[in-house]
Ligand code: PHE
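Before any questions on how it binds or moves, here is one chain, the form predicted alone, in structure tokens.
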């Protein structure tokens, strides 16, 4: 495509792409999954999955995006015109849109808790009171929807400003701030009494806890954490300039994304163990357990405030990338302005967000396949669409794309080396689809049913 928008600098490329990967998956989902799967042993398997599975697939998505210079759906139409492979791109766009529908609700919750931290409403409560307050708020009508609207409006404002002036500029502010806040909270957590127990849980592996279920869960989390299969990486890499070293960017993004997940663990588990709270608190860890922990610390309101700023920033970097996937598709495929495209996407997301929020409260009795609308969006995207899309991406590049074209793009026409290209190509054609297929079957519960 001619006159296509691009990121303005190497730093912008890295921070924007890291921002698309870093989100609630790192700071909310990863710690509770690590807690539920035995700590350090899960962490070790997770890191191996990131390097052996996540990194190669990320490189592949970067190839698709930059080589095609198109949105997630248009990329496959350009690379395989007239074929059914374009279903991969439509799957990614739809998945991003659906994820944004319920993700914006959770993102809105971070703003509610941010305000409560500012006003001191989180102080002096028991664990039971935190639980009751969260259930009362999340099942309410007005406040959750109001915060969802605010978060979608924030996201819309950044996306509508464009790639360089909106997404890149916001990433250059938010990502350094996110790392700074994470570092501050980690230092505070490490200075608590008995913090060493949390560090031991995080870094001293008990290999007896490595089960087939833990391995598959780690693979799935690696997939979710790096935003693979949802069109974000393809869309963002379509804005890379041609001189970008795709291999290096993929490695840098992978390492920084993993670092955020590790820092989230260092921030959370020493504090959890210090106050003798079970690390297996699950999905309640962020909105119930941690406010309880902060409430027991000196200057607890300050630490709660800092933490929920962090959580809101992480959520916003992800909602921006998800929104951009859908916006770029509407903009390019339907030939309308960015302002109109972003507005249509935002309005659609608000509809999904309102229904998702109400499905946790007054509409909770209305279910499909036994799931509320909120949980249905989560289930269909995370357990079906993302692994399915990722598996097809591997098969597409491994079997449809000429290896000469693939190598030329990943080496910038031979100007940079790719020492393990043939290993990578073999992996993408044969190993990765099978590994992702196992994630797919495990997420659907088929493997558990078979054994």
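Residue numbers count along the first chain shown, from 1. Here, rigid core means the biggest group of C-alpha atoms that superpose within 1.5 Å across both forms. In this text the structure is predicted, and so the values were computed from the model without any measurement.
Omitted from view is the form predicted together with phenylalanine (PHE), to which the following refers.
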| query | finding |
| --- | --- |
| Non-hydrogen atom within 4.5 angstroms of phenylalanine (PHE) in the predicted bound form for each of 20, 232 and 322 | yes |
| Interface membership of residue 25, phenylalanine (PHE) in the predicted bound form, 4.5 Å heavy atom rule | yes |
| Contact of residue 99 with phenylalanine (PHE) in the predicted bound form (heavy atom, 4.5 Å) | yes |
| Interface membership of residue 237, phenylalanine (PHE) in the predicted bound form, 4.5 Å heavy atom rule | no |
| Proximity of residue 327 to phenylalanine (PHE) in the predicted bound form, heavy atoms at 4.5 Å | no |
| Stretch in contact, per heavy atom within 4.5 angstroms of phenylalanine (PHE) in the predicted bound form, of 330 to 338, 224 to 232, 265 to 273, 242 to 250 | 224 to 232 |
| Of 91, 318, 110, 189, the one that lies within 4.5 Å of phenylalanine (PHE) in the predicted bound form (heavy atoms) | 318 |
| Phenylalanine (PHE): the contacting residue among 103, 76, 307, 147 in the predicted bound form [heavy atom, 4.5 Å] | 103 |
| Is_shifted residue 31 between the shown form and the other one (CA, 2 Å cut-off, rigid core) | yes |
| Large Cα shift (2 Å or above) at residue 63 between the shown form and the other one, core-fitted | no |
| Core-superposed comparison between the shown form and the other one, residue 50 Cα displacement 2 Å or beyond | yes |
